[in-house]
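Okay, so here's just one chain, in structure tokens, the form predicted alone.
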Amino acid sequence: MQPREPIDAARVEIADLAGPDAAHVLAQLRTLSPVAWVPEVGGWLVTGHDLTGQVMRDDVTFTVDDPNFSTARLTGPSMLSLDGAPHRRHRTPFVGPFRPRRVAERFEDEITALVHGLLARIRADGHADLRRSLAGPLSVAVVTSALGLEQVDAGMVLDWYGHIVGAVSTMTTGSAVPPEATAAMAALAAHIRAGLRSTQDSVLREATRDLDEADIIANAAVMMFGGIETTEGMISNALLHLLQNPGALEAMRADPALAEVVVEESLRLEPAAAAVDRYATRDVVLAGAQIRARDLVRVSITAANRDPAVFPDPDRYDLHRTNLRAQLSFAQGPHVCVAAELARLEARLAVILTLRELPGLRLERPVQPTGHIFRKPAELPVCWAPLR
């Protein structure tokens, strides 16, 4: 499909929504109808900013607690797959540990040391794929530390991740859980139990005051894999956007305090979590669309973040926007990302220290983020002047 030709929602394919020109496809869908039935998605696609926020805030009408939401079948019920009072019971124990002040006190020095260590491994080489040498390993190390997992290396975690995410992505209603995914969850659960018995400070040990072991394991699983996927994407996208915009790159080098704005504008332009799913609990009309009970309602955060009604000239990377916190990359409502401030801290420190320690950093070749549910570049190939 040529994304700037007249669009027909019935002919939109997942490949159109996952490709580098997805934002243009979504913009045309928004113009056609901000709530459109897209057969390839198997449900409704919401592309307007205000409507996206409305759906995410209204967990009574648009819920995650549906049999088609496959994550709970593998991990067990968690804050990701529950709404209402059960959701609050699962989520509340994790809110305090992830408040901004506690995140800074607990993690800033650790993240700084991790970034220094990862950059030290590649500094003399003069080139690297920063997604795999920095963004990925950093996100794994931070989330495993936060959850108090001991004797766990990145390879082990990523192996679990592959099996669990692969199962969640492919399971259909009534299908069996793949045995390799069950084994991965069992291995993860064993390490979580060991962490709960240790003396190491972690958000999971704090949660034992309010949740039983099964609840903690389920929530740890969704926090771990959500944190890895989205934080890796955040860091990769933020560095990519800077390297694609020389003026912003020069400004960031001159004033590292701009890192906060750099991360927020990158999140707006290319959210790492590009779409989230809800299911209608009843027949409802949304922007003229006749949605039936149990219909899938997928909100496109990518589209919402480029709604020109909220962000003028939305396809432009602009560090001078005054309303960046209106971006929806961490969701809204009851399911707003509980660890958003930790992810922001990781991304800010990764950007600041990478520009400081890799002089003359630049892209080796053009790359673009892709993906329908999660968006990031397949690789981030860069080069710099190695220190002699």
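What you see is a predicted model, and the numbers here were worked out from it, not measured in a lab. Residue positions are given as counts along the sequence shown, with the first one as 1.
Keep in mind the form predicted together with protoporphyrin IX containing FE (HEM) is missing from the figure; the text below concerns it.
At a distance of at most 4.5 angstroms from protoporphyrin IX containing FE (HEM) in the predicted bound form, none of the three residues Leu119, Ser236 and Gly247 contributes a non-hydrogen atom.
Of the heavy atoms in Leu240, none are within 4.5 Å of protoporphyrin IX containing FE (HEM) in the predicted bound form.
The closest non-hydrogen atom of Val261 lies beyond 4.5 Å of protoporphyrin IX containing FE (HEM) in the predicted bound form. Within this chain, Ala343 lines the site of protoporphyrin IX containing FE (HEM) in the predicted bound form, having a heavy atom no more than 4.5 Å away.
Taking non-hydrogen atoms only, Gly227 approaches protoporphyrin IX containing FE (HEM) to within 4.5 angstroms in the predicted bound form. Checking Met252, Leu204, Ala273, Leu149 against protoporphyrin IX containing FE (HEM) in the predicted bound form, a heavy atom within 4.5 Å turns up for just one residue: Ala273. Only one of Ala184, Ile111, Ala280, Met79 comes within 4.5 Å of protoporphyrin IX containing FE (HEM) in the predicted bound form through a heavy atom, and that residue is Met79. In summary, the region of this chain contacting protoporphyrin IX containing FE (HEM) in the predicted bound form, judged by heavy atoms within 4.5 Å and restricted to 41-49, 353-361, 25-33, 333-341, corresponds to 333-341. Along 296-330, residues Ile301, Ser329, Phe330 each place a heavy atom within 4.5 Å of protoporphyrin IX containing FE (HEM) in the predicted bound form.
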